[in-house]
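Next up: a single chain in structure tokens, the form predicted on its own.
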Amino acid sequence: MLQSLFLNSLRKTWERAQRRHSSIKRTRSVWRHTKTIVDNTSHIGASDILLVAMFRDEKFRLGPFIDYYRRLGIDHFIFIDNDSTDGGLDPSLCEAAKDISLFRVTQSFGAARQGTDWLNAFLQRYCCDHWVISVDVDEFFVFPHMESRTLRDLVSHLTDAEQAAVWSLMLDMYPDGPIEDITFNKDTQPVLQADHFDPNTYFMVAGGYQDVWVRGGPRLRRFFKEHPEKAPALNKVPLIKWKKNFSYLINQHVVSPVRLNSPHCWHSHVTGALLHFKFDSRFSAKAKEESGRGEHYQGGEEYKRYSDYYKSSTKLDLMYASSTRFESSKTLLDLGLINDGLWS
């Protein structure tokens, strides 16, 4: 029995090492598909907090996104544009700002494991030994006490506590009424339009990398009620003190070394949230486009469900009896959705 457990542990360790090695090796091919648009990475300071984000045809999101994270305390942005057709991020703004670097990648999103290879490539080249936030441009990082403490205060605490990563729960945000009644734009923070979320519809299952997979929220309630195990994953590890031997294995959901995946290695650990602004009047068109492209996980099966919904309906209202309005990080602390540990 003990021998069997020991051998099984060795096998899992070997498989994880092989997957990490393969993940790092795949990043080498990324540069063949990459074009530098504006490279301001020479301005990155040794103690700078960085952000890496990928996008495609989301020009309307970029202004509020950059403004939010600048205010939060990001020192340098590294943007990866997957061949946008809407103009993307204006290079002249990057050249003038000096805190933004912009690259274009023409490789297929699906071929790059839903962008995981791009993320690893840029993190390895530009972000080693930095605290770095890795998010999509519709994700807004929230941490405990952020209204009175800075992001630098947070990473200082994490460094002192020897906590190398912050696990976060993704909260799908939605308006009080049909999502078709709002349209996110380049001049307005999205939380001013979509300020509600689910406080209590989540469940967790253990993964194979000391991780937990969380599912729930409005997408499970509306689209995956009959098959909750197929609902989108809501667990991510977006804030990490990046090291040369680190790599994301499944987008930002799972990272190696596996010790970084646990939400609470100790009860003293800080956790965060990602406010996810997916739902506005563009959602039905986006669902149709992505279900046709088939570049997302499992050939875009998630988007096919969304697209099928709109074949019989023109409105999508995600409110339910327990929908809760986001007011501040305290809202999430009081609900137990984020944790401040010893940083209280």
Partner chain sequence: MSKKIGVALIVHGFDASSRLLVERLVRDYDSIVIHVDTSAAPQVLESYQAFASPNVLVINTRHVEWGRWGIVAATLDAIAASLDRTPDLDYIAVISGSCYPIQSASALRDYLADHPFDYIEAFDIFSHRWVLDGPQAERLYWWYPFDFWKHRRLFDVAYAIQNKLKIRRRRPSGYEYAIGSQWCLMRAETWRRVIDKLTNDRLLVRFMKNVWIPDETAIQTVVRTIVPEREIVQTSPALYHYNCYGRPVQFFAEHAELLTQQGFFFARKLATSDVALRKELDRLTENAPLPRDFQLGKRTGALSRMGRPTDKKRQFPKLNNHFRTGQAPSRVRTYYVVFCSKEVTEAECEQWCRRNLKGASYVGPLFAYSEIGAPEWFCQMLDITPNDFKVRDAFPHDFLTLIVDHAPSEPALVIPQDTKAGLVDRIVADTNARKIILFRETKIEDGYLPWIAGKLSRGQGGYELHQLQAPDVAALKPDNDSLPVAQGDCGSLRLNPI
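Here the structure is a predicted model, which is why all the values come from computation and not from measurement. Positions refer to the first chain, counted from 1.
The form predicted in complex with its partner chain exists for this protein as well; it is not shown, and the discussion that follows is about that form.
Asker: Looking at 222-230, 95-103, 135-143, 187-195, which stretch has residues with any non-hydrogen atom within 4.5 Å of its partner chain in the model of the complex?
Answerer: So the stretch in question is 222-230.
Asker: Non-hydrogen atoms within 4.5 angstroms of its partner chain in the model of the complex: do Phe109, Ala285 and Glu301 all have one?
Answerer: Spot residues vs its partner chain: no contact at all.
Asker: Looking at Phe77, Trp131, Trp167, Phe122, which has any heavy atom no more than 4.5 Å from its partner chain in the model of the complex?
Answerer: Selected residue: Trp167.
Asker: Does the 4.5 Å heavy atom contact test between Tyr202 and its partner chain in the model of the complex come out positive?
Answerer: Within the cut-off, so yes.
Asker: Please determine whether Pro263 contacts its partner chain in the model of the complex, using a 4.5 Å cut-off between heavy atoms.
Answerer: Close contact exists here: in the model of the complex, Pro263 approaches its partner chain to within 4.5 Å, heavy atoms only.
Asker: Any chance Ser256 has a heavy atom within 4.5 Å of its partner chain in the model of the complex?
Answerer: Ser256 lies outside the contact set for its partner chain.
Asker: Can you work out whether Thr85 and its partner chain are in contact in the model of the complex, taking contact to mean some heavy atom pair no more than 4.5 Å apart?
Answerer: No.
Asker: Taking only heavy atoms into account, state which residues of 312-344 are within 4.5 Å of its partner chain in the model of the complex, ordered by sequence.
Answerer: Residues within 4.5 Å: Tyr320, Ala321, Ser322, Leu333, Asp334, Gly336, Leu337, Asn339, Asp340, Gly341, Leu342, Trp343, Ser344.
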